[in-house]
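One chain comes next, on its own, written out as structure tokens in the form predicted on its own.
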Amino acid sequence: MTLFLQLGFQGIALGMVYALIALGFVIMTKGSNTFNFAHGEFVAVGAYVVLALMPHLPYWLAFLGSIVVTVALALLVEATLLRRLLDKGLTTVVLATLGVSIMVHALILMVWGVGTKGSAGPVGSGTVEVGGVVLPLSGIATIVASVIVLAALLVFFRRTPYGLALRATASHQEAALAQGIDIGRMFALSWAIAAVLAVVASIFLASFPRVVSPSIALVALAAIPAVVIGGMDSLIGAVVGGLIVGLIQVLGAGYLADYGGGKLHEVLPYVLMLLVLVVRPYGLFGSRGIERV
């Protein structure tokens, strides 16, 4: 039972990171009608910029600096690529984001190299023991910070003019345009919010373990099953899907380590994703009309 609780806590912590990344995917999908396959690279950029600024700035200033850089990159891609291709069809836009992903990944390799680099998380590496269950401080910080971010997003979307405008745009762009909402600005806002979520997720993803490598972008793409399971147009689904994927991965790693060469836990989220697509193609919380790409 202790092992189960230990793995469960770690799974929830990892699942909250996936939830933040999945929320970025969903917000961009709802806000700009496209699926950005370069989002994983935005997560990697966030982690590397924090790492680059840490020797010169306090950690939290490095974190804010990373947000500025990553948001600027996201807005650049949105303004120079997305807006020019919107009338070319969804498939063209999605393929373009794949091209951006490859280019950003190559840029990361040119600037920071292919090896791993040590990373310091926002909290220490200590632990807290509760009833025989050892809780890493990094995991506690991940869950607390993620809950705060989710609460802030809830308030933003329900209480602020920009949040309401973004919801209106996601619901029906033509109706939002008729109400005087600047659709282009809402597209940019959705990408900026997703970039902020990518940076928040990156600093905690780099704590599992405390290293940063180019493969962190691939790890971030493990949030794609979370998006599909929860529903590609559902914010609640992104959170639920992230928790499901995190728990499956960690519990699978703990209990199925002797099977599949110790890599079976990496496959399980995709197996569940395929099962959900067969039974409920629009996800657990998604709308029936969502278009798959």
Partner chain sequence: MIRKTIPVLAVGALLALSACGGSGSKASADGEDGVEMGPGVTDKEIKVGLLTDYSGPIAEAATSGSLGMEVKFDQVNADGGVCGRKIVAVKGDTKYDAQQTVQAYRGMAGDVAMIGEVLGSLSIDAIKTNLERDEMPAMAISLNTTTMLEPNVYVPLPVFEVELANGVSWAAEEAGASEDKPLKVASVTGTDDYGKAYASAVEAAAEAIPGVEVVAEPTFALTDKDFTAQVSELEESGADVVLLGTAPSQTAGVVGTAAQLGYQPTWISSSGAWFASLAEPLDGLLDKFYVSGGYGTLTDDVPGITELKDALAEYAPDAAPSEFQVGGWLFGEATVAALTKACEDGDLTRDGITEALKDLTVDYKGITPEVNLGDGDSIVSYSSRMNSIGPKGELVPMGDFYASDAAKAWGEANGY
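None of the values given here were measured: they were computed from a predicted structure. Positions refer to the first chain, counted from 1.
There is another form of the same protein, the form predicted in complex with its partner chain; it is not shown, and what comes next is about it.
Only one of 248-256, 57-65, 235-243, 40-48 lies within 4.5 Å of its partner chain in the predicted complex by heavy atoms, and it is 248-256. Contact check for G126: a non-hydrogen atom falls within 4.5 Å of its partner chain in the predicted complex.
Shown alone here, G118 lies within 4.5 Å of its partner chain in the predicted complex, counting heavy atoms only. Its partner chain is not shown here, and in the predicted complex it never comes within 4.5 Å of any heavy atom of P122. At a distance threshold of 4.5 angstroms between non-hydrogen atoms, A151 is out of contact with its partner chain in the predicted complex.
In the predicted complex, its partner chain lies within 4.5 angstroms of at least one heavy atom of each of the following residues of 1-29: L3, Q6, L7, Q10, L14, in sequence order.
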